[in-house]
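In structure tokens, one chain follows: the form predicted on its own.
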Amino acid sequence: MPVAKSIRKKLEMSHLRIGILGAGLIGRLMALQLSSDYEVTLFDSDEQAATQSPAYLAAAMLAPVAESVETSPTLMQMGQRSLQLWPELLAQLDEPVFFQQAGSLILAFEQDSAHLVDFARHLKGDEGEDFVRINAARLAELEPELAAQSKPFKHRLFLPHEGQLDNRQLLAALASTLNARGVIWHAHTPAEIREDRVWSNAKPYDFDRIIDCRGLGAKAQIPAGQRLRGVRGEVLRLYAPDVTLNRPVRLMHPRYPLYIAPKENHHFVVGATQIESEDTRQPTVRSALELLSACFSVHKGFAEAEIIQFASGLRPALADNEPRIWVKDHLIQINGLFRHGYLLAPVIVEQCVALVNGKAEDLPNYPNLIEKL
């Protein structure tokens, strides 16, 4: 391409106006990646703190191999790619965000050993590289306090490449960075798409590209033939100064695999994977008892932990529990990230930015991810 034509095309693209609906995790990351080249406007029904978003409640574990037990090989590959992308994204922020890639542990007591055996059998990674079986001595090296508990863990897996980050630090840092970049942000402002335009407060807005990241808020506007549902999650946040863990831990359980994700300064996020319900009530007594009892069984130091928050939320999921990017003319719709929001967000954003820039062919092709309507 001649130099003059190349420069002209770049100038034309730099004047593109991008409208993003939804300022949860995906919407903010999209704005981060596009705001350096384009004029970006965000519409969101929530406040900038994102307290109503599933991204605010999440444990933000980055565990592509652990999640592969119930997902496709493609989703695991996407998660592994996202792990490579997270440090690049975090480096663009104006504020530091806790990020760790020290692996994770899968543990089981003797009576639950069959659940761990079954879990290991369904892992899609390579044994010896993506996961390893460890003995009591290795557990003591990785997590001395767990090895010292009176009731020992008889079965143990170590997934060395997995990670986590602090979701609330990330959401705040994204907000600060986007505000500093001059992104136009309409908070407390629900919006919808009609006639290829964004409508909000009975007013139309015209954009060269529209990106819909509203999750369940887009339920009425997803493509025909798709069924979007909410999947309930219940999450505890604890402050436990008597507990030190160096990495996320999952406990095999007859009903669900409990996870404990240690954040900075003895704060912990505790939860279970999913509940097939669109119930929007606050967490139940049963859930509280089960989560707290399981947490105490992992480490007795949680007995004196302070309960900072116990909350529930719904995550958007499609029929196969895997995400989709739908493309029609100048509209891009993203949905169905289920419980894999933090795991998959960087690779989803990478794909969408490439679509906006006309460079999708330069990226890996993930089957069934992108559908042109």
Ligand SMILES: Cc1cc2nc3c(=O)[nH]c(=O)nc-3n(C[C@H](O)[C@H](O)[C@H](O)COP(=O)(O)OP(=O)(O)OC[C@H]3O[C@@H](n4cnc5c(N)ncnc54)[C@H](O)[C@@H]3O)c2cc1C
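Treat the numbers as computed from the prediction; the structure is a model and nothing was measured. The first residue of the shown sequence is 1; numbering continues from there.
Beyond the structure shown, there is the form predicted in complex with the named molecule, which is absent from this document and is the topic of what follows.
*Asks:* Which one of these stretches, 134 to 142, 189 to 197, 172 to 180, 104 to 112, sits within 4.5 Å of the named molecule in the predicted bound form when only heavy atoms are counted?
*Replies:* Among the candidates, contact is made by 189 to 197.
*Asks:* So in the predicted bound form, does any heavy atom of Ala60 sit within 4.5 Å of the named molecule?
*Replies:* Residue-level check for Ala60: yes, a contact with the named molecule.
*Asks:* Does Met30 reach the named molecule in the predicted bound form, with heavy atoms at most 4.5 Å apart?
*Replies:* Because no heavy atom of Met30 falls inside 4.5 Å of the named molecule in the predicted bound form, the answer is no.
*Asks:* Any of the heavy atoms of Glu70 lying within 4.5 Å of the named molecule in the predicted bound form?
*Replies:* Because no heavy atom of Glu70 falls inside 4.5 Å of the named molecule in the predicted bound form, the answer is no.
*Asks:* Is Ala272 part of the interface with the named molecule in the predicted bound form - any heavy atom within 4.5 Å?
*Replies:* Yes, contact at 4.5 Å.
*Asks:* Within 4.5 Å of the named molecule in the predicted bound form, do we find a heavy atom from each of Gly79, Pro346 and Glu371?
*Replies:* Not one of the three qualifies.
*Asks:* Who in 328 to 361 is close to the named molecule in the predicted bound form, meaning a heavy atom within 4.5 Å?
*Replies:* The stretch 328 to 361, when checked against the named molecule in the predicted bound form, contributes Leu337, Phe338, Arg339, His340, Gly341, Tyr342, Leu343 at the 4.5 Å heavy-atom cut-off.
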